[in-house]
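The chain that follows stands alone, in the form predicted alone, written as structure tokens.
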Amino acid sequence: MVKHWSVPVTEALKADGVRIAELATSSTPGFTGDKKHAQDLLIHRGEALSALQEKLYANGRSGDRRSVLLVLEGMDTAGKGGIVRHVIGSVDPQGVDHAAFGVPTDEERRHHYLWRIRNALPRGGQLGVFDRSHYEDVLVVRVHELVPREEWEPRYDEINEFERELIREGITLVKVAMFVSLDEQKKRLRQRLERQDKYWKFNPSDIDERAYWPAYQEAYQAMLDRTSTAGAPWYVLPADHKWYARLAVTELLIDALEKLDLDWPPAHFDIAEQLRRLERA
């Protein structure tokens, strides 16, 4: 067991039985330390994540088609961008495929909703990151009634089949749903309005979305209940404490990479011969 964790993070954050309306967003499931412990541990565990990701990348360069895809979902200010910066930022960027999914473009609207997702899937050996994802089509689309219920309702089953396909292709999915309280969201939005270096993050529509909080809770609950599967489970992350969220996602990625049982790829050349050539060069 990693220091300061009472249970594995995959156990602490599993979605089974979680009720979003009752979630304590300021809690730190499974973690027994405080902020200072988490910050210190994040440095050490970030190094472990980086080493594992380098092995993944090296194997991809040698023809291994396996990859890991981190799917981040959450309301505005939940901390998705911070995860990308502080967790994914600790690994080699050459081995990262990152995609952020906003409002579909005109071209994307002309295709099936999974078209843009397929185009952004991680290549072999890559650590993929989706900042929002295909789940927007059962979240925002549902809450704002952008399409009729008979159109978005079948998408849960369709997404499950899509993810089974990805798993067969060698993609390990790490799905993280991040939740902050309304009060914490208001605090973070206020910070964006009070600091010049945060203006670029603010969108007036973020305030409008707060009125839909109950509808989003229902949509997220349905997402968890209907698309958390044995092969691609959801992890529910209380995210009021950024230090906890970043450490927890680091641990989830380490767990996923360790389960790939990666080793360094063998040399595809005669090492002794190359050493002799080097001496003569």
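Under this definition, the rigid core comprises the largest set of C-alpha atoms superposing within 1.5 Å between the forms. Don't overthink the numbering: it's just position in the shown sequence, from 1. Since this is a predicted model, take the numbers as computed values, not measurements.
One more form of this protein, predicted in complex with a further copy of the same chain, exists but is not displayed; see below.
Residue contact check for residue 154: none of its heavy atoms lie within 4.5 Å of a further copy of the same chain in the model of the complex. Taking the partner from the other structure, a further copy of the same chain in the model of the complex has a heavy atom within 4.5 Å of a heavy atom of residue 54. Shown alone here, residue 202 lies within 4.5 Å of a further copy of the same chain in the model of the complex, counting heavy atoms only.
In the model of the complex, no heavy atom of residue 106 sits within 4.5 Å of a further copy of the same chain. When a further copy of the same chain is considered in the model of the complex, only one residue from 61, 44, 226, 35 comes within 4.5 Å through any heavy atom, namely 61. 85 is the sole member of 111, 144, 85, 118 with a non-hydrogen atom within 4.5 Å of a further copy of the same chain in the model of the complex. Here the chain stands by itself, but in the model of the complex one stretch of 168-176, 87-95, 136-144, 154-162, 87-95, has heavy atoms within 4.5 Å of a further copy of the same chain.
For the partner-free chain shown, 263, 264, 265, 266, 267, 269, 271, 274, 275, 277, 278, 279, 281 of 250-281 come within 4.5 angstroms of a further copy of the same chain in the model of the complex, judged by any non-hydrogen atom. After superposing the rigid core, the C-alpha of residue 7 moves by less than 2 Å between this form and the one not shown. Superposed on the core, the two forms differ at residue 273: its CA moves 2 Å or more between this form and the one not shown.
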